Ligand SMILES: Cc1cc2nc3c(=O)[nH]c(=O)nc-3n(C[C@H](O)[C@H](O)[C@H](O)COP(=O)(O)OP(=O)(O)OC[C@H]3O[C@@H](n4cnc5c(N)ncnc54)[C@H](O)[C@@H]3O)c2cc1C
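Here you get one chain, nothing else, as structure tokens; it is the form predicted on its own.
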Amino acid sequence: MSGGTNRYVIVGAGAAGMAAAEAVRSLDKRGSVTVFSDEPDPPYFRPLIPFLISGKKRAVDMAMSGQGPYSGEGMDLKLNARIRAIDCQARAVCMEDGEKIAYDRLLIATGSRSRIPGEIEGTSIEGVFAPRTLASARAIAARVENGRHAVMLGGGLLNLKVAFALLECGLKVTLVVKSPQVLSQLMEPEDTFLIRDALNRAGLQIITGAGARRILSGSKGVSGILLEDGREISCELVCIGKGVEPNVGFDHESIQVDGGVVADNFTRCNVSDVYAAGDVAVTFDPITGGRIVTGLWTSAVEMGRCAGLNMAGRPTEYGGALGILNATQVADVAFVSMGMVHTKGRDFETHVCGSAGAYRKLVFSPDGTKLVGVLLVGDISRAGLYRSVIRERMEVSGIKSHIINHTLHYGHFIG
């Protein structure tokens, strides 16, 4: 305690950090709330950065403060502030500039950073980007002005969205993925035919089953890439989207780190009064019970809010994060992927229904009593109901036919 009020320190101003700050302030009107961000920009909605590249949105349109649940009031937000270490014994955060900030409650919400594969040569060449921040989006937009061809390495969701932003800017865009298909983390190859057709219609050129060996350079930076099979592709811009990894580059002393910062079901770390939430946190999957790190915006918000409530004295258990939970649109096709959707060679009960405009995959536990995964492409109605069934681990015998036939409704949850 400090002068009778709590000092809340939140390291990270992304989805988890801001949600936690709001939750703290909702319960504690007197305590000081200090939020540190290592970026120069005020907190923003990270999923919107492709729209800055395409010119559809400005940075001010993406700001969190004053939008949705993020009021940003009553908080001390410090930008360009990078932590060097957390001193749990002194109960202080040590900044890179030497300043020490004392805390009574601390949240680690440092998020994640793009993973740059070490096996690819030339990733530091001018014109190579890992699109994840506003700063990177601005740099890509500037590069576009003198570019004709962009190559995207990695078929993840953000890279696909950036690819479409670049197509809208008039560039030729080639997507290179090492897996047999795009979005391999969210669905199996045979599930992607509608999305693949939509990508082809949109003009995105796709090379699957290929990896990059080296990024080539010329007098103006990137001039092309060399694939592992010897093919060369000329380009002026390369975006790397090969996944993310938790930001744990600070000295974490006695805090347990295993891939990310380990948190319990109440978002607490192994050190008293220290919590973790968002992309940096190791939490659990409610379906498998296994420990996971999730890079999902919605999970970060939910986990951050839970952490904030716990920090402010209201014990709140976090329900866990589905290993897969994405709802979005690629080209002109919407899809939702959640839970256990990779079933090949595994003992799940699976029901598949496909048509010219929609695809549905429903996955039940081996004994058929619980819904554990859903993939909807084209028609994403009832996705919220399915999510509730999965998250609550409901016994589905009474509603299973409605799930399979896609006729589930809210009335089935009453009584």
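Just so it is clear, the structure is predicted and the values come from calculations on it, not from any experiment. Residue indices: 1-based, along the sequence shown.
Quick note: we don't show the form predicted in complex with the ligand, though the next part is all about it.
**Q** Which residue among 156, 260, 127, 131 has a heavy atom within 4.5 angstroms of the ligand in the model of the complex?
**A** Spelling it out, the residue with a heavy atom inside the cut-off is 131.
**Q** Pick from 359, 364, 386, 36: which residue has any heavy atom within 4.5 angstroms of the ligand in the model of the complex?
**A** Answer to the contact question: 36.
**Q** Out of the stretches listed (233-241, 197-205, 118-126, 296-304), which one is close to the ligand in the model of the complex, meaning heavy atoms within 4.5 Å?
**A** Checking each option against the 4.5 Å cut-off leaves 296-304.
**Q** Is residue 31 close to the ligand in the model of the complex, meaning a heavy atom pair under 4.5 Å apart or at it?
**A** Close contact is absent here: in the model of the complex, residue 31 is far from the ligand, nothing within 4.5 Å, heavy atoms only.
**Q** Taking the shortest heavy atom distance, is residue 283 within 4.5 Å of the ligand in the model of the complex?
**A** Residue 283: no contact with the ligand in the model of the complex.
**Q** Hey, in the model of the complex, is residue 81 touching the ligand, heavy atoms inside 4.5 Å?
**A** It does: once the ligand is placed as it appears in the model of the complex, residue 81 has a heavy atom within 4.5 Å of it.
**Q** Is residue 374 near the ligand? Define near as a heavy atom within 4.5 Å, in the model of the complex.
**A** No.
**Q** Give a yes or no on whether each residue among 24, 308 and 311 has a heavy atom within 4.5 Å of the ligand in the model of the complex.
**A** Result no, not one residue of the spot touches the ligand.
**Q** Go through 367-393 residue by residue and record those having a heavy atom within 4.5 Å of the ligand in the model of the complex; state none if no residue qualifies.
**A** None of them.
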